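The chain below stands alone and is given as structure tokens, in the form predicted on its own.
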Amino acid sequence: MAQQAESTNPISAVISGVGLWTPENTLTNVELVDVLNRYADQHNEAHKAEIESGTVQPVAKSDPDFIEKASGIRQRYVYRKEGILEVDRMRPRIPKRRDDELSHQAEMGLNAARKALAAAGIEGSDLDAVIVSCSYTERAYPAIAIELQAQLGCDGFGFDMLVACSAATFAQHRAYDMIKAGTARRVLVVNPELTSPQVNYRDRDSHFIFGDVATAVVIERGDLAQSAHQYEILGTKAKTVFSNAIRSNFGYVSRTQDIDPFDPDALFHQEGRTVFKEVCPMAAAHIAGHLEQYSLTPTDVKRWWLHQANINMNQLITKKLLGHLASAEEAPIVLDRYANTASAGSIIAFSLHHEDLQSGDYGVICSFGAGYSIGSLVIRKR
């Protein structure tokens, strides 16, 4: 559903600050392939008879060159690297924290939030609301957003949102709505994407996809904004279509089902070819339709900050829109370094590639992912 810009509404909503926090730990394709292939040798040898009889499936090996060619990913950052490369573990070691300690995701989010606030030239006490939006939260409640709100000194309210890879844009939609409705003056949207615990590092088709990161964006009333780089949000548009092609089934109900709560089915898994075939045309049509609402065409757009899942998806979508392969200047790619960071990908691209635009230049921030879900913002530099 689209929320169109209203020329009669004197309140404008602008993105006035963005923050990016990157973990210090890198994990290369070579490292991931090495541990997967060692595990495959160990598993396949231990179950040789069952594999030969057809009762057990062999573990397939991977290759660094294949990963880069298929996805454009060369490496990723992870919050904690310890444990991932241990063949008998293959998952990160993230120590449990006490209830009176700052949670891991709040720590990640706080690092990005402080950068966004500094870019906007405001303090946490200037905020009216904090939204934490990401693919997974480490607990059900209290909300990570309320924890962050307390850390930032915001005397307002906060809540969490989970919309998979569209969580960041959908939360920005809510911030835009609050500003336009006059129910908030300044909203902070934070995306602490801690994805590595949900990665099945023993699955060739998905072990390389995700990385960890945190991003944050300040959205505030235009008449209050004072930062060096401001982008007016002309409007937002969202679309969801139910699909089972991307799933993560982990949940608290598994306790009642007498099953392994960490079974591969509970971790991230997808039908990659189906996703590619169905999402690319959907995303291109969505963006084109959104631009039409403002009498704009794709050629009017100076920059595309797209979801960073797969380089081939991004190239196909921009080619459908522009009629040619987009250049790195037109549609920046960051997944070669960051991999798929779920909802944060388009915000990473925006954070790293927005300051060079000129007043009046148009841009599009767009996500697409599980659900299916697509969220977009058409913005113009002030």
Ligand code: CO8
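All residue numbers refer to positions in the sequence shown, first residue = 1. Source: prediction; values computed, not measured.
Absent from the display: the form predicted in complex with ligand CO8. The rest refers to it.
Name the stretch, out of 119-127, 176-184, 139-147, 163-171, where some heavy atom lies within 4.5 Å of ligand CO8 in the model of the complex.
In the other structure, the partner sits against 163-171.
Look at the candidate spot formed by 207, 268 and 340 and say whether ligand CO8 comes within 4.5 Å of a heavy atom in all three of them in the model of the complex.
Spot residues vs ligand CO8: full contact, yes.
Although the partner isn't part of this model, could you tell me whether residue 70 comes within 4.5 Å of ligand CO8 in the model of the complex, counting any heavy atom of the residue?
Because a heavy atom of residue 70 falls inside 4.5 Å of ligand CO8 in the model of the complex, the answer is yes.
Examine residue 275 and determine whether its closest non-hydrogen atom to ligand CO8 in the model of the complex is within 4.5 angstroms.
Judged by the heavy-atom cut-off of 4.5 Å, residue 275 is in contact with ligand CO8 in the model of the complex.
If you check in the model of the complex, is residue 17 within 4.5 Å of ligand CO8, heavy atoms only?
No - in the model of the complex, heavy atoms of residue 17 and ligand CO8 never come within 4.5 Å of each other.
Do residue 63 and ligand CO8 come within 4.5 Å of each other in the model of the complex, heavy atoms counted?
It does: once ligand CO8 is placed as it appears in the model of the complex, residue 63 has a heavy atom within 4.5 Å of it.
Could you spot which one of 233, 78, 199, 131 gets a heavy atom to within 4.5 Å of ligand CO8 in the model of the complex?
Only one listed residue qualifies here, and that residue is 199.
Residue by residue through 284-323, tell me which have a non-hydrogen atom within 4.5 angstroms of ligand CO8 in the model of the complex.
The stretch touches the partner through 309, 310, 313.
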